[in-house]
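One chain follows as C-alpha cells, the form predicted on its own.
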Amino acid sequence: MLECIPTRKVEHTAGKINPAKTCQPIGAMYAALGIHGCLPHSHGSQGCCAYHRMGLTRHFRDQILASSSSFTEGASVFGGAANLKTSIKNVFKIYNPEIMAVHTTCLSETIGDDIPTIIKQSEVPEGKVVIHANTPSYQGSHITGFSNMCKAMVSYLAESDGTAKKERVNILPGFVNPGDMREIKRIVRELGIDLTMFPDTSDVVDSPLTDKYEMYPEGGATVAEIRDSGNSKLTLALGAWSSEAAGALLQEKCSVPCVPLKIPVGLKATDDLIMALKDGFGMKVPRSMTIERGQVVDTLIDTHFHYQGKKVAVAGDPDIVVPLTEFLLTMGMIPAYVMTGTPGSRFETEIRHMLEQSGIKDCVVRAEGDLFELHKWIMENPVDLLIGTTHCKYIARAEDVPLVRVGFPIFDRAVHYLMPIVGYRGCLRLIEMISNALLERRDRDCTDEDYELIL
C-alpha cells in the first residue's frame, strides 16, 4: 500500500486516506464499560458491534462484552424499533445487567430511529436503567462518541438533592487507558480528597484473572455514584474533546462548578490538575507529590541530551496530542508535524499558540487529518521520531523512523494499557520511551568507532 504513495506533490482536497481516528460507537462503547454492571448495546447490525468489540478487545487484550439489535434487511428498511424493544427485554432477562447503555450506528441514524421514545415504550425491569447516546459514525470520531456517552450519563443519571455540596470531586478522566485512570485516582487520593470518577474502566477492561468468572467485574462507577455526582463540590473535566461537554451539562443541571483541564500528560498539565484540586479544596500539596515532581525535573536534566532539538511528528487523539505536544516542548524537542483525525479548529488554535510561545516556526498542524498526509510530510522533510498509534508503524517502517506508541489503538505491544502516561510517573515513562527509542536508533546506526558502552 505504501508503495502507492506518490513521490510528486499532491494537493489533498477531498476524502480521507487512512484517517487518524475511528468511529463514534467504539468510543461510546468504551465509556459505557466504565459504569459498573453495564452492558453496552449497539443499535445496528451485528457487524458494527463485532467491529467495535474487536477494536477494544485487541487494544486491551481482554474480553469486551456488548449486545446488538442485530439489524437485518427488514430493520434497515422499516426501522429498528422492534429490534431494540426485543433486545432490551432479552438482555435484562438473560444477562441481567444493572444498566444498558445504547449507542446508535450509521444505519440507525440514517433511518432516524427515535431512541428515547423506543426506550420509554420498552419493558425495562424495575430498578434497572437504560440510557442512550446518538453516535453516527459519519460524524466526529471515537472521541466524539466517548463524549456523547459521558453526556448521556449526566443527562439520564446525575441528580442534585438540593442540600449542601459534599466535599468530593467528580473526575471525568477522558478517553484514556485504565492504567491512566488508576494513576489519576491515586493522585487525587494522595491529596486526601474524596472522588467519584466516571466513566472508570479500571478493573473492568483490565480485570484480574481469578478462580471465578464474573460477567460484570468489580470496577466501574456505580449508577448510585453517578447519580450522586450532582451533589459533589467540584467537577474536573479532563480533556476538552472528551469530557468538557459532560462537565458543562453537570454544571447546568446540578450547579456543580466545572473546571476544564487538559488530560494530565506532561509536567504542566499535571501541575494544573494538582493546583485545581488544591485551590478547590484548600488542601496542602503533600510532600510525596513534590518529590515525584522533583524526580521528573531531575530526570529531564539527566537525559535532555538524548532528545534536545530532535524533530518529532505526533498523531493521535486531540486530548492526548495537545498536552503531549506541550510536554515535548518542555523536553526541548521540536514538534514538526502535529495531527489529529478528530475535527475541530480548536485543536489547531491551541497547538499553534503553544508553538508560538516556544518560538517554534515552520511546523505543520492539522485537525481532521489522515495518515496519508502525515506520510507525505515525513517523506518530504524527515523527522527523528514519530509518536502515534499502531497505525503509524507502516509510516515508521517505510521511512525508517523510530516509533513511540502512544494513544488508541495499540494492537502490537503488550501491557501498555496498564502503564500510565499521566501524572508525574507518566512523565517518567514518556521520557524513558522517547529516550530509549532514540538511543536504540543511535546504537543501530553508529559506526563501530562510535559504538559506546555508556550513553
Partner chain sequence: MAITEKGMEDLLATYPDTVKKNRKKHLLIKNSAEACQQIEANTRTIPGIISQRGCCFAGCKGVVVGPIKDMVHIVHGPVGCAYYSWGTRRNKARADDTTPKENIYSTLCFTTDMQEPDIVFGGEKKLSRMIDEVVEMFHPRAITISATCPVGLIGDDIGAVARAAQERHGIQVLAFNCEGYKGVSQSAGHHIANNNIMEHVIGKGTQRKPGDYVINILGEYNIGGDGWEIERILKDIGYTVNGIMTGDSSYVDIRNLHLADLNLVQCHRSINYIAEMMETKYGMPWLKVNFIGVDATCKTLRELARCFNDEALIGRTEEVIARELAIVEPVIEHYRKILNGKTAFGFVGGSRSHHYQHLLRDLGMEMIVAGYEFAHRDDYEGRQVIPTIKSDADSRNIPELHLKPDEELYQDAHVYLNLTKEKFEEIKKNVPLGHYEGMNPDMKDGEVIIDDINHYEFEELVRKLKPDLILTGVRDKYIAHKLGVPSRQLHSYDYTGPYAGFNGAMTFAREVANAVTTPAWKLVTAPWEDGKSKE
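Model, not experiment: these values are computed from the prediction. Residue numbers count along the first chain shown, from 1.
Although it is not shown, the form predicted together with its partner chain is what the next lines describe.
Colleague: Please pick, from Thr222, Ser207, Asn231, Thr303, the one residue with any non-hydrogen atom lying within 4.5 angstroms of its partner chain in the model of the complex.
Modeller: So the residue touching its partner chain in the model of the complex, by this definition, is Ser207.
Colleague: From the list Gln139, Thr330, Thr290, Thr349, which entry has a heavy atom within 4.5 Å of its partner chain in the model of the complex?
Modeller: Contact check passes for Gln139.
Colleague: Is there a heavy atom of Met215 no more than 4.5 Å from a heavy atom of its partner chain in the model of the complex?
Modeller: Contact with its partner chain, yes.
Colleague: Is there a heavy atom of Leu65 lying 4.5 Å or less from a heavy atom of its partner chain in the model of the complex?
Modeller: Contact with its partner chain, yes.
Colleague: Residue-level question: is Glu126 within 4.5 Å of its partner chain in the model of the complex, judged on heavy atoms?
Modeller: Glu126: no contact with its partner chain in the model of the complex.
Colleague: Going by a heavy atom distance of 4.5 Å, is Pro409 a contact of its partner chain in the model of the complex?
Modeller: Heavy-atom contact with its partner chain at 4.5 Å: present for Pro409.
Colleague: For the three residues Pro6, Cys106 and Ile111, which mark the spot I'm curious about, does each lie within 4.5 Å of its partner chain in the model of the complex through at least one heavy atom?
Modeller: Checking in the model of the complex: Pro6, Cys106 and Ile111 are all within 4.5 Å of its partner chain.
Colleague: Select, from the options 207-215, 183-191, 292-300, 266-274, the stretch whose residues sit within 4.5 angstroms of its partner chain in the model of the complex by heavy atom distance.
Modeller: Going by heavy atoms within 4.5 Å, the stretch is 207-215.
Colleague: Within 4.5 Å of its partner chain in the model of the complex, counting any non-hydrogen atom, which residues from 47-74 show up?
Modeller: In sequence order, Gly47, Ala50, Tyr51, His52, Arg53, Met54, Thr57, Arg58, Arg61, Asp62, Gln63, Leu65, Ala66, Ser67, Ser68, Ser69, Ser70, Phe71, Thr72, Glu73 come within 4.5 Å of the partner.
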